[in-house]
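Next up: a single chain in structure tokens, the form predicted alone.
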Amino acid sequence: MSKFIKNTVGKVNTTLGFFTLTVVLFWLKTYIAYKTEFTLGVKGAVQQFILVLNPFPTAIILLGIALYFRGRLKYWMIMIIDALQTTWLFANILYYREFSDFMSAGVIKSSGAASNNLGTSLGQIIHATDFLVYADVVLLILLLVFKVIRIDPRPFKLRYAATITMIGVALFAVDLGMSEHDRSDLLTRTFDNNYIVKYLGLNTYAGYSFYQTEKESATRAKASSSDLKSVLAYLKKNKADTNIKYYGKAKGKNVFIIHLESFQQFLIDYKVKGKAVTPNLNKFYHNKSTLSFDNFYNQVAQGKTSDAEMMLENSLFGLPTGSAMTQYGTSNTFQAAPAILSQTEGYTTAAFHGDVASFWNRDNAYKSWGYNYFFYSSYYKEKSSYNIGYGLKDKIFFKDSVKYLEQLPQPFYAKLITLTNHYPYTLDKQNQSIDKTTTGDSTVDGYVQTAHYLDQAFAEFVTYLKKAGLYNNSMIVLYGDHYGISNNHRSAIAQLLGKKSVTNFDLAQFQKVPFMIHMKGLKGGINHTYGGEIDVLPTLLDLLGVKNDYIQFGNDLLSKDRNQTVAFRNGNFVSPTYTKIGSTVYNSKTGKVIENMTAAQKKTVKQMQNHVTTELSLSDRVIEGDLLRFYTPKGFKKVDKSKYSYKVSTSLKSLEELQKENKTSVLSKHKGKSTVDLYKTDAPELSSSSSSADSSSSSSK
């Protein structure tokens, strides 16, 4: 044994031995932090292996820089680099504990306000055990100082140093390759910092974050107020007149935005073996007080749900690649629906979502948009049976949202994001109440089951609204965020539509999603105008009677003179007359290809294409250049992100104080008696014995 120890110490007394020891110790503490300090959502053997692997590549590359130095200097360079990496780890442990997210370059570069005032609460956040991450650094320094480990003064050969660097690069390539295979478009379609860290490591995340921030800063630095001239000129030319018949009809009403995850228009009135997939939504769609739009299209790109939210809340398009919410949601100036309604109409604004706060960077973007409250997974009671796929099952989510909803002062703007109808459309047997379709495509066939479940959850929520006295004083808005079945499933789509095959025109029509606006006394009906998600905000603001001087690329869907050319993010478009997919133009009424276009047709299509290209590029210019910082409408104040906190304890305390100050909430209207018991659900996970306990308390993760 003594010989083994002697040989081991002898190896550590070499440059390579000391380097290896440092790498291993750094890997060990990083991996322990991954498992104990962060919630990375690692699932399956592949992701577990990647998590074990990912600290190694960058540690080897960064610590390997020291090997190019000579003598004692290389040892001290190893310790300096190790200490710097450890400090980054330490900082993220503290930041994650407070904000459930990782520090970004934008946060570091920002002022104290923009960095969420982390310093003011450090005393409460920090634990004495956190400093243990420095234990290996201190230990190695002491071992060197007291010469337990002796410095190897011999030059470390350049080719050996280069070889170690290449080993690090090779390991990174392996890590990246496995990560991309498990999660495609990991870097180009970033939607959660947790994913970058889980797959590529905390150091890689740092590099990626600084790259993205510098890229954005460069674009932002080049932008100036003069760039707004072309934007304002375009909007002035293309703004549709308000429909006086509907303007202000919802003035002062509560607004519910029900986000129907991955829900497509074809599901409305669709049947499987004679049974309606969405009977409750069908009834809502055809209600005489519902404005329903049957030519309403999703306009998302890679950002999918986040693109839909960007359009819904801001009337700005998502980006051609990646997600505007994740790339610009933290740093940009926005004039979003929550801020507009809060500032100009006195609304309380809140978003509800049964997933982690950091997904799609919501915890930061929602602050930029002016949401007073954001209720996410930490606010909800969690059991393994309550979750499926990306978060809380819809029936449980709606039910458990009531305890927060009833505390919001009225009028309020509340967005509830459903999750169960999300790819891969799997539902436990106890919640299945309709047969699958029989296309033979395993991805597609479960889609109607999760949609049916969502329909049931929505019906339960509406029943509660009626019992709680909210239904008659609210405008209820439903929209599908994006397609559920991608165009890659052509054969299955054809079967669902009762066709032998589908054309590109059929697939373009398949991009329709529901959009409904319901309110007691509203003159409803099915509206055939062509529009998309970019048009939602202007439509709602007109209904609410809000003066609209904001930079928005959509137009009120109820306007009689609106341009009905609907842009897809890739530059294609649909309209009542022509549909253009790639270089092919279709007759929108017949679905047939127009083979020999007349000069007049070519001119019209070219004008429509120019319109689409212009609005997409101008919207990109607004986001990438952060141009809204140069434009402030009268009566609107720039959102101060530092005023918002979505920490559970902070929000619950705020809601408690509001009940004393403001007597307009549902809870106040019921003289302090909770309305949670009015909510009835048939969710099998909520047994009679546990239901009351679940509804009366919330717990954080």
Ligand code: GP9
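Quick note: we count residues from 1 along the sequence shown, nothing fancier. Quantities reported herein were computed from a predicted structural model and do not represent experimental measurements.
Just so it is clear, the following notes concern the form predicted in complex with the named molecule, a form of the same protein that is not shown.
S.K.: Just one of Tyr234, Tyr390, Trp88, Phe266 has a heavy atom within 4.5 angstroms of the named molecule in the predicted complex, so which one?
M.R.: The residue in contact is Tyr390.
S.K.: Work out which of His422, Lys580, Lys253, Lys415 lies within 4.5 Å of the named molecule in the predicted complex, going by heavy atoms.
M.R.: None of the other options qualify; the answer is His422.
S.K.: Among the candidate stretches 548-556, 170-178, 495-503, 476-484, which one is within 4.5 Å of the named molecule in the predicted complex when only heavy atoms are counted?
M.R.: Correct option: 476-484.
S.K.: Just checking whether Glu261 would be counted as a contact of the named molecule in the predicted complex - the rule being heavy atoms within 4.5 angstroms.
M.R.: Glu261: yes, in contact with the named molecule in the predicted complex.
S.K.: Is the gap between His452 and the named molecule in the predicted complex 4.5 Å or less for some heavy atom pair?
M.R.: Residue-level check for His452: no, no contact with the named molecule.
S.K.: Quick one: is Glu216 in contact with the named molecule in the predicted complex, heavy atoms, 4.5 Å cut-off?
M.R.: Result no; Glu216 lies far from the named molecule in the predicted complex.
S.K.: Would you classify Phe510 as touching the named molecule in the predicted complex, given a 4.5 Å non-hydrogen atom cut-off?
M.R.: Heavy-atom contact with the named molecule at 4.5 Å: absent for Phe510.
S.K.: Residue by residue through 345-384, which ones have a non-hydrogen atom no more than 4.5 angstroms from the named molecule in the predicted complex?
M.R.: Read in sequence order, the residues that approach the named molecule (within 4.5 Å, in the predicted complex) are His353, Asp355, Phe359, Trp360, Arg362.
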